[in-house]
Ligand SMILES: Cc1cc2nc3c(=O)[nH]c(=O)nc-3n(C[C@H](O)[C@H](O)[C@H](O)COP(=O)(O)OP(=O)(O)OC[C@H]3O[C@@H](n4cnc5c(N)ncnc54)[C@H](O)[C@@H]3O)c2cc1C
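Next up: a single chain in structure tokens, the form predicted alone.
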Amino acid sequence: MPEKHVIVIGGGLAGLVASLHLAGEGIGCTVIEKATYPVHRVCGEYVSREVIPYLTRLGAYPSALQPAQIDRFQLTSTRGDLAELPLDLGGFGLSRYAFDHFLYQLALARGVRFQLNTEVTAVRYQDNSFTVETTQETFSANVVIAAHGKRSRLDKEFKRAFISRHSPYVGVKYHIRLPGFPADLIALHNFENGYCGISAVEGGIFNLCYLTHRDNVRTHGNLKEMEESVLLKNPFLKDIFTHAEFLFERPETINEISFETKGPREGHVLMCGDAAGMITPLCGNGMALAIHSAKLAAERVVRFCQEPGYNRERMEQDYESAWKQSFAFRLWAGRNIQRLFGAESTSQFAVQLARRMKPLANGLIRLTHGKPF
């Protein structure tokens, strides 16, 4: 049987993990990534511990990077009312700058090929194989996994429904030093038309990442004015912004973050991570979903490459079914929980719920964390 080759579009968490899984099964793989490593990405940088068993089996748990271990959750309303809850499963904090680079180096060592600083411009499927066109050259593959992130040129190529609809959400990320802030705590602070998460990553650094409506920015002209006029009305955010040492020259930003449903396959391409659908940022588990979706896709690609009777149609159907079973309800729950945030009345309700009905609040938190796999 001729050797099959897989192209992975996008070298974020989902793409890197999929390539490591495939390499471990002896399947040739090329990752095409439009950036290079290491690179900062707008991300909450919190990963629930559900991923640890799989990463350990893959030989890819980044213990050497000493990720922060997070076991408590803090929630504040827009005016600063506070609730705290334990995280039953909990998670670890690790910057994408360090985590992606770690996985990239591991993949290189295991024989994965990389085409960096290269953007995919088109994917053509014909006669049971793919032609992948890029800004540099053209590649051929038997299977394509797309793990390209939230929005890309490829989404336009596939004419995906969500790409034609504008989203009003803007994501902003800083790395900061904040003496005295607990390293085992992830906090979520509400402000008008948005919310801000803060949690530890490696090396005594904290990730501060917030989601806001673009009207907030337009009204105040720029991020700094908007932060001072809107975010700092929450006293917890005011304290953080006043006392933190900001480590970036300028924040990382991303526009038009979409929470719309996305399909796990398009034009015979398997979609992974944010390319297939993302959890709302307040749930903080996009990284775990990316890793899990990469596992689900890679397992089926391995079968397609190694089992003669396992054809493409079955591979695609099995992946879509597994993806929906694993994530559909979790994504639905995240989108609906999000409605409790970003406004005074609803954020007050969420804090009171967390204070007075802790079993229910813990149940909602569990909906945002999967089971170990």
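For every residue, the number given is its place in the sequence shown, counted from 1. All values derive from a computational prediction rather than experimental measurement.
Keep in mind that the form predicted in complex with this ligand is missing from the display, and what follows is about it.
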>> Just checking whether Cys43 would be counted as a contact of this ligand in the model of the complex - the rule being heavy atoms within 4.5 angstroms.
In response: yes
>> Although the partner isn't part of this model, could you tell me whether Glu119 comes within 4.5 Å of this ligand in the model of the complex, counting any heavy atom of the residue?
In response: yes
> Using 4.5 Å between non-hydrogen atoms, is Asn234 touching this ligand in the model of the complex?
Replying inline: no
> Using heavy atoms and a 4.5 Å limit, would one call Arg330 a contact residue for this ligand in the model of the complex?
Replying inline: no
> Among the candidate residues Gly91, Pro264, Gly194, Gly286, which is the single one with a non-hydrogen atom no more than 4.5 Å from this ligand in the model of the complex?
Replying inline: Gly286
>> Residues Asn142, His268 and Glu320 are flagged as a possible site; in the model of the complex, is every one of them within 4.5 Å of this ligand by some non-hydrogen atom?
In response: no
> Looking at 269-277, 82-90, 222-230, 238-246, which one sits within 4.5 Å of this ligand in the model of the complex if you count heavy atoms only?
Replying inline: 269-277
> Which residues in 73-98 have a heavy atom within 4.5 Å of this ligand in the model of the complex?
Replying inline: Arg96
